[in-house]
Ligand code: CS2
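Next up: just one chain, as structure tokens, the form predicted alone.
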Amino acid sequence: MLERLNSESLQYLPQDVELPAYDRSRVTPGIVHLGIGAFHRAHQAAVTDLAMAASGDLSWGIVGVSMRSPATRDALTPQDGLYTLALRDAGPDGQAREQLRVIGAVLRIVVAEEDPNAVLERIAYPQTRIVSLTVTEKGYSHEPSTGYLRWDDPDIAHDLEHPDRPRSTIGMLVYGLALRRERSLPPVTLLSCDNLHANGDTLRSLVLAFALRVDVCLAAWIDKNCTFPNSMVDRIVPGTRDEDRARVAKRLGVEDAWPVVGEPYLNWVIEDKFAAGRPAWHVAGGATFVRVAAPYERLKLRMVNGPHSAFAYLGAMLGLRTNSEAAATPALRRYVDDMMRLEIAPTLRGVSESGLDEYRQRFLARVANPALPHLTRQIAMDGSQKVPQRLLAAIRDRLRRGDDFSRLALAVAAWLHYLRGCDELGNAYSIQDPLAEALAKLLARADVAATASAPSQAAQRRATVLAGFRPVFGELGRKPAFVEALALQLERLRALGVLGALEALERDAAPQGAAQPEPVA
């Protein structure tokens, strides 16, 4: 049985493994991070590790918060918070290559579900200056189509009644900030690192909405003192597999209970609005500070996250296990390439054509990385929270200008088709989505409506019911052009399958009359 990775075993690791380049005994906590999953540990924590090494400022150690599961805490506590980051890609010969680096920025992990008061106390810790988040889109308890806080969310309702033991992300933040205010402590920066439109602005509006229900004076204090920078994060980080653990342990010569795996590419753009200082994240080349992050966020959501989801939904329906397999399927790759080039890129005004072309080609190369198997079903999770900003926002832009959006419509139809829970090979799977129950009822209603309609009207009726789901589609679901495009692509997926639908889309690409712009309200 191998010895465990920890502070004592660091000295015995092979020389080709990078180690924390600072004295960890001198590191003090300055960041509380909610949602200490694989992405945070491969992205922000890794950049913080480099920043402390480069700057010598060791006051930015991370106290991680696992919102529900104790698994990460139980894996990393015996390792003194240490873990391995394995960066994988393919070399010129096509063979997988891997660089290992031990990350030392995480000092401690607490589990919110076990001890919510410990989280509040950490937010109210005098040395805490940044509270950051990667809780995924569903962790914000908001309605995707509007961005408003869902007061009917069970955790939000619970937290309004039980301020001493909050369960939601928003509740924990507000009650933690209330403690800071009561104790006359300085304000903090709340930094969202999730794939949300205007993630900092969205977080601010949700926090202030909840705080207003708790204490008007608290809301005023937060509004005046705390900052909420918008940010954009980018790195492909699949879930860790048992074979990853075995491979890393063999290289290290010690056991790492939970290494994380990612691609070498990393991007992080942050608005430079910090209430109490920040790590030197830019010194090591990991982050770029800007005045306004919106253009970078829009570029990434539309040219990375949207295509990533399209690969995942269509690939999963074909029975493909990973997105790299989907990207290696010629018809799928052509489709996504065309969608990015012809429908998404034109919505990104202000970015040069050459810059967009480079961005598109780099994304396609990244997703095709055979050394980094990213499960299609993992990417397909929580579609109700992802589709509005990844796909629908671009459709709205195209619709306003009267431009074709058939490829984007197919991607949305693919999500709805995926929700049926069975791929084209007959393999069943569960739907993991915070709105899974409501979506299942929606699909059933759409099927009933289609069955009750004349055959020539069935597809349109089904699409009308599905597009009417306001939490996802909002007002877009009432646009006849959108419903018609969705109906066509849904029917093709049902009748022809994924490859047949892609072939039909290619046939449609022949020159035809331009769509008429939608009237301005």
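Computed from a predicted structure; not experimentally measured. When you see a residue number, it is the position in the sequence shown, counting from 1.
One more form of this protein exists, namely the form predicted together with ligand CS2; it is left out here, but the text below deals with it.
- Annotation: in the predicted bound form, residues 195, 234 and 379 each come within 4.5 Å of ligand CS2 through at least one heavy atom.
- Of the residues 129, 247, 300, 282, just one reaches ligand CS2 in the predicted bound form with a heavy atom at 4.5 Å or closer; this is 300.
- Site annotation in the predicted bound form: the residue of 417, 308, 142, 407 reaching within 4.5 Å of ligand CS2 with a heavy atom is 308.
- Of the candidate stretches 175-183, 143-151, 349-357, 226-234, only 226-234 has residues with heavy atoms within 4.5 Å of ligand CS2 in the predicted bound form.
- Contact annotation: residue 398 falls outside 4.5 Å of ligand CS2 in the predicted bound form, judged by heavy atom distances.
- Although the partner is absent from this view, residue 386 contacts ligand CS2 in the predicted bound form, with a non-hydrogen atom inside 4.5 angstroms.
- Under a 4.5 angstroms non-hydrogen atom cutoff, ligand CS2 in the predicted bound form has residue 390 among its neighbouring residues.
- Taking the partner from the other structure, ligand CS2 in the predicted bound form has no heavy atom within 4.5 Å of any heavy atom of residue 278.
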